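The data below hold one chain only, encoded as structure tokens and taken in the form predicted alone.
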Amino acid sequence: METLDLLIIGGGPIGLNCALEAQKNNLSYLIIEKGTIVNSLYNYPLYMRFFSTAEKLEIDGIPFISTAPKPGRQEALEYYQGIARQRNINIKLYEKVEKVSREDDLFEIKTTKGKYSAKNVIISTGFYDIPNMMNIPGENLDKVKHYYTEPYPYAKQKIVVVGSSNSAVDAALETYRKGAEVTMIIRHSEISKSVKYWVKPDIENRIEEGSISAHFNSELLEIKEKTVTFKNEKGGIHEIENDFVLAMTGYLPDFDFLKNSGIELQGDCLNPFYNSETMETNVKNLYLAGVVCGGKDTHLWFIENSRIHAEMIIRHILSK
């Protein structure tokens, strides 16, 4: 079994950036990705637009040409998957890493399809795979969706959208405009300040005029086949008719995988330990890159501010 200089777990934008940096420095490497190339982006809502402009999503200085000021999902898929083709990135798809263990000076990586050996490992797995569950009765019903792709299935339906972030706001507006009766259940007192600035006035105006019903400082308590129950800001309990629940409550990194790899998780937000200058974790030669670095603080890292991780990691590997 060949021993690689570097094995990269996750084929998202930052994983690809790490591979490009390894290529430039003549390191033998392999990306292992459990889905398709940039799998998280593939699973984004079909009509999603990035907050960032195209140049801030670029990797390795490769121009990202966009027809709009803010690129959309399809343009991003074309860009990143195009790079993987053009640069002949060494990547294995639809293969999930199950375990990373360190044996002497090498890592043994076990996947659903085989085993690999590497001197260094980068975990760049993002956080889009595990929904942040509400842990309430009825959350396991088929009518509950933790991922939203497009509005058409919800036409003429009674929809409850949980949350007030970008994903919740997009789901509420799009389903409303396709004829859904939309009710938002929001824990906080207002729409999130992080909502895209060109969308925030739209949702606030739809709420103000009553086109979309919103209950602030409220909490969903129970989901039934035909209704949901929630508590409002005054403590009153209300039950309303409902066909679907779009639980846009966020997503979490795979903390069990990080912990089983030997990485220390710190504080209430389970922030993984790493050296901010090298991205090396408490496990020697095991690195983190991208949004996975933030633990539960998934808003800390984005493509635009974690692109530097690849160069930092490869520089540290070459210095040893």
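All residue numbers are counted from 1 along the displayed sequence. What you are looking at is a predicted structure, and each value in this text was computed from that prediction instead of being measured.
A second form of this protein, the form predicted together with a small molecule, is not displayed here; the remarks below concern that form.
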query	finding
Heavy atom of Tyr274 within 4.5 Å of the small molecule in the model of the complex	no
Touches the small molecule in the model of the complex: Gly126 (any heavy atom, 4.5 Å)	yes
Contact label in the model of the complex: Ala310 to the small molecule, heavy atom within 4.5 Å	no
Ile212, heavy atom within 4.5 angstroms of the small molecule in the model of the complex	no
Non-hydrogen atom within 4.5 Å of the small molecule in the model of the complex for each of Asp60, Leu77 and Tyr79	no
Listed residue (Glu204, Glu95, Glu181, Asp243) with a non-hydrogen atom within 4.5 angstroms of the small molecule in the model of the complex	Glu95
Segment assignment from 232-240, 171-179, 126-134, 152-160: heavy atom within 4.5 Å of the small molecule in the model of the complex	126-134
